[in-house]
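In the block that follows, a single chain appears as structure tokens, in the form predicted on its own.
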């Protein structure tokens, strides 16, 4: 079954929202899509007719198994394209999201399979998000929040929660990216800020919000 660009965007958005809440409501979806509730309702009717949504009275809606497969397919393409743009074309990681948003709607399965093979079957995108395989299986990585890292322990940056251009620009300022080695030197109780050492650079201090947006795994 084919879906329009707009339908795929809604399906992907519902998928991300339900990761946090389990069920999704119209207002939350409208806010995320930056549109009116009436427009969302019309789209939900279309998706329901295609067996993409499952309603639960008084609770909201979520994707059916088929809807989840469609969402994971779009997510997979998005993250593969981001990997391609960063690793093969040299884009900065804070410049690729919008481009990948366009490329993720290419429908050719053969192209995506060849892209994945060309890239060496990566498991994670440049922001540390897992790339689903062709069957929708998602790789997992044991990681902890940087804010909870033990003192004098060294870990490797594995993912970023807030991937806004502003956050990624801030991380670039500190030369922090996926794969960076970070050692926690001191935790300041006053405001939760951390003194860290990134790789072989001189130590620096990052704010608590930055720390809470970074996830690491032990070497």
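Each form is matched to the other, and the largest set of C-alpha atoms that superpose within 1.5 Å is called the rigid core. All values derive from a computational prediction rather than experimental measurement. Residue numbers count along the first chain shown, from 1.
Separately, the form predicted together with the DNA exists; it is not shown, and the next lines address it.
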query	finding
Selected contact from 185, 37, 161, 156, since only one has a non-hydrogen atom within 4.5 angstroms of the DNA in the predicted complex	37
The unique member of 53, 70, 43, 176 whose heavy atoms fall within 4.5 Å of the DNA in the predicted complex	43
The DNA in the predicted complex: contacting segment from 188-196, 62-70, 27-35, 147-155, heavy atom within 4.5 Å	27-35
91, 93 and 207 each touching the DNA in the predicted complex (heavy atom, 4.5 Å)	no
Any non-hydrogen atom of residue 2 within 4.5 angstroms of the DNA in the predicted complex	no
Residue 56 C-alpha shift between this form and the one not shown of 2 Å or more, rigid core reference	yes
